[in-house]
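One chain comes next, on its own, written out as structure tokens in the form predicted alone.
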């Protein structure tokens, strides 16, 4: 085990840190999934559970993760090691490995965004395209579906995956310094592009009616537990909690930082972006009587582009390009933070140079992302996902995203609240923060948030059991060569759990951490 000193980066300014943290939180889910959930759960009726989850659940956990990183001056695994020894470190590595799965397929999704961005200059807006890999001639499948599945059935996404990884490498190459420089450009551009889409949406005929729908609550749906589950999950996911990102980012802050205020500002910027994204999405879709879908991929690649395609011909290309540029910027600020969280953790453990750490992480990450982009057609009828890569992505996302983050959130609240003591983090936070935390913070971390997470996880697991663990079969019309995928959900959950658990156990048992300056 290397024990030599290695330098840790530091943010140059508070503004740079807040832009980087909010950029990490503002991702693809804020732009499309929030709007889909709002539509699915009764428009304005979703906002009350979401706001409650934000203030009672999201912001306190954000404060905890900022406080933990700054308190220890380390990334997630070593931070939790200092809290609870090797058991805590195991949780930290498990979180990093789970986030690694998410990073791989998230970057694959960004590669598809690049493909759609190029298509937005022309081909995407044609009425139809031939999709030879699925045996479909021009006219059999309309755009944007035809363009998307034709792209997925080629090897182009592998090239786009390489491009996205190169972007990430360039941005994290000097840690906080280059991340801060990039986010100072990317995050303002994201807000500008979103404002452009809002102005265009509300100025369309009937666009304002979509905004009315968004803010008109259907309170009857609030009796459904799924609404509350969706609101809590949306809050946790959109704030980038449970990844180890915020702990790593806060470890680059000076000890005398106002962490509580930074947490509140970051959280409000993230939720504010989600709200205004809802304005753009609902106004565009309502103007053309298009029904949203509670699916990130469906909204991103099919539904919203379909709405843009219905705009006046002279503005379709412009707003299509703006929309996919917005997705790419938002996705990059999130993927960069995911990569940096892993790089920071590996450097803490092994004391490697940043160049070596990035090289190792990128080779493994690119390989995983390429697997999720595999173009082999496994379901020619498109009843499910069509290609091998998209099928694997859908399965892994179901477990790592929907369950992994909530499990880590529960564990970190237990470790910090009961092993370290929430009061120690609270005292550290109150030393330099204008907003003083009271005993209520301890109660939230020790009791209320873990109980809420258990209820959400329990409700979700019960649904899986009722459905036979994600269904007895995933599809009925796979090619004979890929027929095993009909039962892949059960295989994937075991693979995900085993990989994360075994590798985390080995890392937690392997030596001590390197020293940092």
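Since the model is a prediction, treat every value here as computed from it, not as a measurement. Residue numbers count along the first chain shown, from 1.
Keep in mind that the form predicted in complex with a small molecule is not shown, yet the notes after this line are about it.
243 is the sole member of 93, 286, 71, 243 with a non-hydrogen atom lying within 4.5 angstroms of the small molecule in the predicted complex.
Though the small molecule is absent from this view, in the predicted complex it lies within 4.5 Å of a heavy atom of just one residue from 250, 338, 445, 109, which is 338. For residue 60, no non-hydrogen atom is located within 4.5 Å of the small molecule in the predicted complex, even though that partner is not displayed. Heavy atoms of residue 30 reach within 4.5 Å of the small molecule in the predicted complex, making it an interface residue.
Contact annotation: residue 334 falls within 4.5 Å of the small molecule in the predicted complex, judged by heavy atom distances.
Although the partner is absent here, residue 238 is a contact residue: one of its heavy atoms lies within 4.5 angstroms of the small molecule in the predicted complex. Contact with the small molecule in the predicted complex, judged as any non-hydrogen atom within 4.5 angstroms, is confined among 230-238, 115-123, 419-427, 365-373 to 230-238.
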